[in-house]
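First structure 1, then structure 2: two forms of the same chain, each alone, as structure tokens.
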Structure 1
Amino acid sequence: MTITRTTLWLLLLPGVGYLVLFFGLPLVLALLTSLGMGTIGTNEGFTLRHYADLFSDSVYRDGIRYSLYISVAPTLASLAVALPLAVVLQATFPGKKLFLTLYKVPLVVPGIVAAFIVMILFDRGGEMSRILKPVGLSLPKLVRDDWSLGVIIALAWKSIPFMTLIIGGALASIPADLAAAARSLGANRRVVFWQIELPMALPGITAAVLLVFVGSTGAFAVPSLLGPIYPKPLSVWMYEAAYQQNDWGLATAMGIVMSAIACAVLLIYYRLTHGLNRAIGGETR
């Protein structure tokens, strides 16, 4: 049966229409507002003033760098835990069913609740400090600290189960016959993992990294509660520009910059996965 172009467009319309209506249109409106031509705030006519204000002010430039920092650091911390955890979960061990339920608990905990949990546990005078004090130990400053360790802990705690699910699914999809064949040819468990399982699971791993990175980029509640007084992430400056300064042009310019960063990471992801797929395909032929 031959599908006409009209039929093809009609089949694509629900998905494409959803993306255009709920993603493309708001993004276009935000872009127009950042250029002074939107319907929110003052209609100034075409201007690049908001972007000039954003990139010329050191406060906002520090906010961009800080946003990148609290996106990259929790993502790497989550990957360092999620990858070995996903590997371990491929095996069978006593209590696995209970563990599979418990490790997913952070998925249903709101970000602001995770921030309060970290604050209660690790702030000065918190529960961990009280537990360690009788034995003469103390924790470093983890809340409102310069390195944003509390922010990283909270975001990573929320992200590890999500990343583990994706990586675990990628590992589980690898045919067991490949590992068995490699073992029969003399490869040990470490060689099988590094040369067979990890390369084949890399598309899933990079997808998990991408999703966690993008989610951390727009984090608001966690850095607001646990982060340092300065710098603030771009998400916080965006809120203040919109609702405290009533400068919607500047706020939407910040949103466009955050979206551009996410899109750049997405393009890198597609290039990386395309190259990985070609490399893996070349090795398996």
Structure 2
Amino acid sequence: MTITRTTLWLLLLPGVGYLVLFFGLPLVLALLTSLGMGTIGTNEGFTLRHYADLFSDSVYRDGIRYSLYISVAPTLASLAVALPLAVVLQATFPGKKLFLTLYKVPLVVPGIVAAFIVMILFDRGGEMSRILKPVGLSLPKLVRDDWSLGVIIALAWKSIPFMTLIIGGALASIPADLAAAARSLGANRRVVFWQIELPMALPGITAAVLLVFVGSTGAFAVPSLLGPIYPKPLSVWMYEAAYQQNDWGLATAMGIVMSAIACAVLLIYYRLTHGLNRAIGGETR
């Protein structure tokens, strides 16, 4: 079966072409606009003014920092739950099949719904504080609080099943013989996990961490509903710049900065895990 170049490109065209047209093109337009050369807003010729505005304003600098905070914190929180959960789910227990379906429900719950649930449970006067009050306990402020704990809870709650699913898949694909071999060589369960299973599952863990991180970076609805009045994440400022102030140059500059941050984190993380990924690459590609 020989496939000509034409056939190949015809096969690739629908998917790749669509993304070039509706993803690549707008992104290029956004980049141009942020540099003052766009067709969005006024064309003023090449300038770095919008980036200068962005970085000189402490409000936006706080925004960048806050955006990073609300993507790193939920990612770490989810990982702290998802990794042990994925390990535990490799064992057999009664009702496993049902559990494997049920735990994934938050995967399909919209972020706004997650935010609403956090509100009714954890806001001051929410259900949790009502239940705890008669016992003499009180909750710290969790909604619109300085540490954005509510935002973190909502984002992590939504990401845990996704992470567990991917890490669990990576763990399950490790041949059982490897663990048996390690045990016979004198490694106990803990050592097998840290030295054999964890390094081998690293590509899956990497993928899960990155996807959750990126998903939280651009989160808009959840921090808008649950986050503090100040600082606001860059995504919220971007929306306001574009649709309330009509300052498209600034809005697109923010978008490009956020994308750049996501890409940078991706690259750094890749670097850090590269050696191991490559070693295992022969097995998992």
Partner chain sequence: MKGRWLSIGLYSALALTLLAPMVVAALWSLVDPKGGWFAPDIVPRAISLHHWQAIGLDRSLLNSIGLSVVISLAVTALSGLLALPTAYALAKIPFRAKRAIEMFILAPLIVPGLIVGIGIGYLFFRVGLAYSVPGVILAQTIGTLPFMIRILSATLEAIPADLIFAARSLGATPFKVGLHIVAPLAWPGFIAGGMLTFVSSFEEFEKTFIVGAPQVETLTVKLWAVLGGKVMIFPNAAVVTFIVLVPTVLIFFLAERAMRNDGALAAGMGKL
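All residue numbers here refer to structure 1's sequence, counted from 1. Between two forms, the rigid core is the largest collection of C-alphas that superpose within 1.5 Å. Predicted, not measured: the structure shown is a model, and the values here were computed from it.
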Given that just one of these two is the form predicted alone, which number is it?
-> 1
Has the Cα of residue 13 moved 2 Å or more between the two structures, judged after a core fit?
-> yes
Mind pulling the C-alpha shift for residue 22 between the two structures, with the rigid core superposed, in Å?
-> 3.4
